[in-house]
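Okay, so here's just one chain, in structure tokens, the form predicted on its own.
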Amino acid sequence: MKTITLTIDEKTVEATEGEMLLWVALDNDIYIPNLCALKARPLPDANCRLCWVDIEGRSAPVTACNEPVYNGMVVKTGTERVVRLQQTALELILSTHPVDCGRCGKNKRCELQKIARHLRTKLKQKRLRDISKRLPIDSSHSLFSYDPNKCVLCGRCIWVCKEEQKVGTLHFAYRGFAMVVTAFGGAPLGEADCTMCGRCVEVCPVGSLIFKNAEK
């Protein structure tokens, strides 16, 4: 593979041609907000809409998780329009996400907290109406619990369960606001076919999937 040179926020970095921009930036200590990306996943769905960047020569921002790098690329991660898009995406996520960090097992390890700090914004936003789902927590599994109210629908758990572990226990069900992560037929996770690997919990970026020994 060909090694190329690009510039991100005035920092010159090397990468393999065709690598996704998000990982090139993160590997060079340049943070770009993201929730749905996994390095092992060839092409994320870009559904969190947080990893916007500006690329010289483009008329509009692009999502870094599915943008391949090329030689001479010039990237800016903190332009006014990029930050505005990222803040709006975060606000939309938070409008359906209960913010109770003090009682959450992912407190201080949550990607939403990291993103809010990076964007210099508050987790308890006021611009959009709270439309939390208020669904019951599934504590039926012996290893972990699943809180659908905190789920950001990033799809990480589904991907590792199906593509990495070759099990396929988890799926998306329903559409729009009603969408949730669930086992086949809506069965409680404790009754689902599960290898107990815990990878779904490990890749969850928020406090939706939590090991029971980590709960507060």
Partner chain sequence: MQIIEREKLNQEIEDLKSQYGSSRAALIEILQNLQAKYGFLSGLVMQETAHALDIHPAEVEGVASFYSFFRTEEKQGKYVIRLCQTISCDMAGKDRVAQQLENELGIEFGETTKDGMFTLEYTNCLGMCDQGPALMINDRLFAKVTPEKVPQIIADCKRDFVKTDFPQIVPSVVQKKGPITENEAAVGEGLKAALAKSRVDLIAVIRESNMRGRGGAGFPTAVKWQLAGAAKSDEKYVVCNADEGEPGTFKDRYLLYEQTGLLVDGMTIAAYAIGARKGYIYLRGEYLYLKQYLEDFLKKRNNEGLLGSNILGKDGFSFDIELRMGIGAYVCGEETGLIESLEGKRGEPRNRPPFPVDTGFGGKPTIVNNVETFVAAALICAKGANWFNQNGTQNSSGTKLFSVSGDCEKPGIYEMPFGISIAQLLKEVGGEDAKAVQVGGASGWCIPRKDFERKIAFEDVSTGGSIMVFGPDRDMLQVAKNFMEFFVEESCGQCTPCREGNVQLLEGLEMLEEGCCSMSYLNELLKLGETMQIASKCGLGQASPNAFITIIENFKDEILGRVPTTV
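Numbering follows the first chain given and starts at 1. Because the structure is predicted, anything quoted here is derived from the model rather than measured.
Although not depicted, the form predicted together with the partner chain is the subject of the following passage.
*Asks:* Taking the partner chain as it sits in the predicted bound form, is N66 in contact with it (heavy atom to heavy atom, 4.5 Å or less)?
*Replies:* Contact with the partner chain, yes.
*Asks:* With heavy atoms only and a cut-off of 4.5 Å, decide whether G186 touches the partner chain in the predicted bound form.
*Replies:* Flag for G186 set to yes.
*Asks:* Check whether W159 has any heavy atom within 4.5 Å of a heavy atom of the partner chain in the predicted bound form, and answer yes or no.
*Replies:* Because no heavy atom of W159 falls inside 4.5 Å of the partner chain in the predicted bound form, the answer is no.
*Asks:* Is the gap between A89 and the partner chain in the predicted bound form 4.5 Å or less for some heavy atom pair?
*Replies:* Because a heavy atom of A89 falls inside 4.5 Å of the partner chain in the predicted bound form, the answer is yes.
*Asks:* Have a look at 70-78, 93-101, 134-142, 116-124 and name the one stretch with heavy atoms inside 4.5 Å of the partner chain in the predicted bound form.
*Replies:* Stretch 93-101 is the one.
*Asks:* Taking 4.5 Å between heavy atoms as the contact cutoff, choose which of L26, L38, I55, L153 touches the partner chain in the predicted bound form.
*Replies:* After the contact test, the surviving option is L153.
*Asks:* What are the residues of 29-65, in order along the chain, with a heavy atom within 4.5 Å of the partner chain in the predicted bound form?
*Replies:* P44, D45, A46, N47, C48, R49, W52, in sequence order.
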